[in-house]
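Before any questions on binding or motion, here is one chain by itself as structure tokens, the form predicted on its own.
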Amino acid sequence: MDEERDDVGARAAIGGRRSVRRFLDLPVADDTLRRILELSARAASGGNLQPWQVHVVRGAALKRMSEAVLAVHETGAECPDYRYYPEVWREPYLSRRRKVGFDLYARLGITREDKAGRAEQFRQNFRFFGAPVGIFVVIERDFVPAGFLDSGLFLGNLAIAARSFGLETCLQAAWVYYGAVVRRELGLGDDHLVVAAAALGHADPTAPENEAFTERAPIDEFTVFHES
């Protein structure tokens, strides 16, 4: 019976995961945060190397990080650690990306013509959407590309583990386009690379943007079964 309950809990945690883009101004207890990170570290990694390194920013450190990246963002000058998205978009990825954006802006009442509103919503990435905890996952550059896969598994665990404590996340790629600034603020050298970031905290239940639940392609669209 315990195993059955655990299975149901795992399905709910995975099936209900979403990207939260507005958080409540409520702290996350140190013990809870440490337990989430411990669970996340159970992620598989090649040779059990566990190449991910985690940097948590809170309080004044989070504010400094946000201000530093926003200052560079406003100049229009990026300093990416790597290119997350393809240079040329093609289907079905273009349509999927557009739908996420259109659905989000519609919930917020931001029209296609409202460039200022769109720009301000994008800036929320660099405020961790109001979350009290920002998490950066970095690797040493000589672990590319395997370190990306291992860190991705860690981040996936992080999103699910957070839900088991009543918390939510938003996994963010936007920060990697300001990798040089992030590394400077974290005291890291060029031998490190920012893989991704995550906002973590209590979801704001009144925020319309948090009602978005993105679609997933059906299994037969991305799976080939080889049986003979």
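All figures in this text were calculated on a predicted structure; none of them were measured in a lab. Residue indices: 1-based, along the sequence shown.
What comes next is about the form predicted together with a small molecule, which does not appear here.
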{"query": "Any non-hydrogen atom of Arg216 within 4.5 angstroms of the small molecule in the predicted bound form", "finding": "yes"}
{"query": "Heavy atom of Arg22 within 4.5 Å of the small molecule in the predicted bound form", "finding": "no"}
{"query": "4.5 angstroms heavy atom contact with the small molecule in the predicted bound form for Ile110", "finding": "no"}
{"query": "Distance check, Phe129 to the small molecule in the predicted bound form, heavy atom within 4.5 Å", "finding": "yes"}
{"query": "Partner-facing stretch of 169-177, 184-192, 38-46, 61-69, counted where any non-hydrogen atom is within 4.5 angstroms of the small molecule in the predicted bound form", "finding": "169-177"}
{"query": "Option touching the small molecule, based on a heavy atom within 4.5 Å in the predicted bound form, out of Ala146, Ala106, Val100, Cys79", "finding": "Val100"}
